[in-house]
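Only one chain is included here, represented as structure tokens and corresponding to the form predicted alone.
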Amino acid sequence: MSGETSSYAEMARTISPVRTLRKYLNIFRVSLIERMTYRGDFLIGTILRFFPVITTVLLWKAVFAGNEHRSIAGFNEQRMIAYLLLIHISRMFSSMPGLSGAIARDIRDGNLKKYLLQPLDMIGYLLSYRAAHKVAYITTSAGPYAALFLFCSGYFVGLWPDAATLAAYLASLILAFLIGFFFETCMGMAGFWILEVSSLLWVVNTVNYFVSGQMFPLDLLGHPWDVLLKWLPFQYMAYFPAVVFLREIEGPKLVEGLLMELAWAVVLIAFSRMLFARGLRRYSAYGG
């Protein structure tokens, strides 16, 4: 009898992860259907984002026109503009607008208990939901972005990566999604300790815009700042995937960079889990 009980317990442990995976895949599927109903909004938002892109390109063309050396920190006009265009692809994967604020708001208002009263992990649910959001957004935006890159194809002459580099680039984008998601999740967990986090989030997002390389390549900062910032996780949200595509990083350094990106993703996953577990100890579930 004890042998049968043991076999049933082992079977339960085997089935449980499968059921859990199926549950979050269903959440992903339902969320994807929901987000696809807003594809028109995604399309309009994508087109409107092209205006800052055009402004940035014109700005850097003016900078290089006034630079007699025609090169800044190893970036000529072609590579700089290609980099700035690729940044928007990086951010398409790593940006998580509203995620941290929504988590902090659920904690403050007591809505977090809806996850605690159901067999549902909050972080797992939000990860499935955001993955569906990204798939819907990328699918809807593919056409406009393809048109933009076709229009600017002259800046990519001689810069297109080979198959191995392209695979590394796609891996860096997937890891950028994980780093962006779990970084925002960690920021949202501050709601367990701070009543109002909007000012903190504004400061962090402003700094992140600069240190992730969205404004310009980190190489332009010079030593030691470029080295310091490349040890932090922020570069993987924008800078790193772009320079991988441009083959600024190759060979052993590329493998090292991808492993470091993976390590930061694991660290942020573990840190977000730790913050959530500790935060629940002080959570009172008022409101809601």
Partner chain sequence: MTRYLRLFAAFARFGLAGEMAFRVNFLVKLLVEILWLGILLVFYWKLFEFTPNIAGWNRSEYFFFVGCHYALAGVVETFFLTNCTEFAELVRTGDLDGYLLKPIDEQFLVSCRWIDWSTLPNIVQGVGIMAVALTLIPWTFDPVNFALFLLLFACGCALAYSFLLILSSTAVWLVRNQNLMEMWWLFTTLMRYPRAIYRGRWASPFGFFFTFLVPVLIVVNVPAETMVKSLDLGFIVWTIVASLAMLVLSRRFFRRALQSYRSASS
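No experiment lies behind these values; they were computed from the predicted model shown. Positions refer to the first chain, counted from 1.
Beyond the structure shown, there is the form predicted in complex with the partner chain, which is absent from this document and is the topic of what follows.
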property	result
Contact test in the predicted complex: residue 63 vs the partner chain, heavy atoms, 4.5 Å	yes
4.5 Å heavy atom contact, residue 207 to the partner chain in the predicted complex	yes
Interface membership of residue 251, the partner chain in the predicted complex, 4.5 Å heavy atom rule	no
Interface membership of residue 196, the partner chain in the predicted complex, 4.5 Å heavy atom rule	yes
Contact check for 54, 151 and 203 against the partner chain in the predicted complex, heavy atom at 4.5 Å	yes
Per-stretch contact check against the partner chain in the predicted complex, the hit in 256-264, 25-33, 239-247, 45-53 (non-hydrogen atom, 4.5 angstroms)	45-53
Answer option from 102, 166, 138, 215, heavy atom within 4.5 Å of the partner chain in the predicted complex	215
